[in-house]
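Single chain ahead, written as structure tokens, the form predicted on its own.
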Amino acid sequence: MRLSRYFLPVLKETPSEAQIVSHRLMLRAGMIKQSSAGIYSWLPLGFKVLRKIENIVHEEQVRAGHIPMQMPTLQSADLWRESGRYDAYGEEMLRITDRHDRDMLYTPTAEELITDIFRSNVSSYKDLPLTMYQIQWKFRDEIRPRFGVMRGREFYMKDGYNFDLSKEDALHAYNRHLVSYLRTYERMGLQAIPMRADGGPIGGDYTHEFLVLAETGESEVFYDSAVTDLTFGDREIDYDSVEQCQGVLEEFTTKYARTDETHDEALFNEVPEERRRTARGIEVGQIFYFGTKYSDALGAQVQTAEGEKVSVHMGSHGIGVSRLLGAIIEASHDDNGIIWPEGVTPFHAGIVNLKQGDAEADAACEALEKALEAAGLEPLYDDRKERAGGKFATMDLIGLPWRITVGPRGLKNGVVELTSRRTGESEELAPEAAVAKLIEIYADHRVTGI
């Protein structure tokens, strides 16, 4: 992509309404534009990152054996009255009356709707276990939307729902989701710590939130510092193995880590003093097991092998896809702008032409662009007739992990400069060697569709 042909409305000044780093940088980098309070248009650069995150979520859900689907954003209030949540959910639910005076709502979550789909189509234990999920826009009418996409009213979310014959089977689904979430976050360059949490309006006694530590986090968290040493890495897990999934859950949740809602001071004091930490955290996902709460209310039953009808055990599992984008920026930036991890970067490398209009420099940049594209990578070529300082500032602001700088002086020696955005370190390489190095770097960060 040529920057001269791209829509990238960067801002030199920080907008006054932006209070946290991610909101400031997303506005300055031309990623979003506010439409109304807590509602944003996703401009091309922001939309590209959103899609990268979405694809990683899809890949890891499918890897875990979960089935993608799509439900409507508008739901009938009747289902929510059936479950007892229509009045209990509170003012965050956007309630709507259509032209026929039917009560509707803009979905904040979909436990009722997915349970209705299940009860209409599944009647035998032979069809279990079953886990389905969607990635969809949702709406919660926050009283004070703020912090950009971190606490907006409209948000993009993955929500999944499991149906199982027994509590034991449903807890395996819970553990399976925990494993898949750990993989998902690490692929995005994040360390998201599972913490014991409160069920809130969704309910359930078993629930963990995944939080990214950040000064701007909305939750106070208490944890054993040893949890920050845990990584999932590239290990392979058999998602059908109860023992393996349970082992990962125990590894990542045995050490103390809780939000302020479930904090237990006595248990926390059992952690060695030198490892006790308090901080702020950004919630980027949550998993729930809530038993037969919804299946009892909505009559979602299956017939067992013995011919008995029983309510299915359920859980739900959410990832804030749009919120993740803000969380990544909060965790990965410096004074000059965003620093994208390779797994979610909108473009794999920036190409900066120091002397646009110079025949040799132009030809070298075009050759680099074609070579990277031929390798399946997406470069952003800054072909504008701007001063070098302005081009570097733009590249630093939008945060591409790698920059190739091309100028007449280097080309005379047969080299270009490859620079890491994260470390600032540069090395001079032949153009072909720079391309080869980027291909090698990104070999482990391929993001495809499902």
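Given the structure is predicted, the values throughout are model-derived calculations rather than measurements. Don't overthink the numbering: it's just position in the shown sequence, from 1.
The form predicted in complex with a small molecule exists for this protein as well; it is not shown, and the discussion that follows is about that form.
J.: Given a 4.5 Å cut-off on heavy atoms, tell me which of 360-368, 256-264, 310-318, 117-125 is the interface stretch with the small molecule in the predicted bound form.
T.: Comparing against the small molecule in the predicted bound form, the contact stretch is 310-318.
J.: Give a yes or no on whether every one of S332, W340 and D396 sits within 4.5 angstroms of the small molecule in the predicted bound form by heavy atom.
T.: No, the whole trio is out of contact, none within 4.5 Å by any heavy atom.
J.: Looking in the predicted bound form, any heavy atom of G285 within 4.5 Å of the small molecule?
T.: Yes, G285 is a contact residue.
J.: With a 4.5 Å heavy atom cut-off, would you call G152 a contact of the small molecule in the predicted bound form?
T.: G152: yes, in contact with the small molecule in the predicted bound form.
J.: Would S83 count as touching the small molecule in the predicted bound form under a 4.5 Å heavy atom rule?
T.: Judged by the heavy-atom cut-off of 4.5 Å, S83 is well away from the small molecule in the predicted bound form.
J.: Please run the contact check for R140 against the small molecule in the predicted bound form: heavy atoms, 4.5 angstroms, yes or no?
T.: Within the cut-off, so yes.
J.: Taking 4.5 Å between heavy atoms as the contact cutoff, choose which of G160, G326, G350, G281 touches the small molecule in the predicted bound form.
T.: Only one option qualifies, and that one is G160.
J.: Given that the small molecule is left out here, which of Q136, T109, T131, Q244 has a heavy atom within 4.5 Å of it in the predicted bound form?
T.: Of the listed residues, the single hit is T109.
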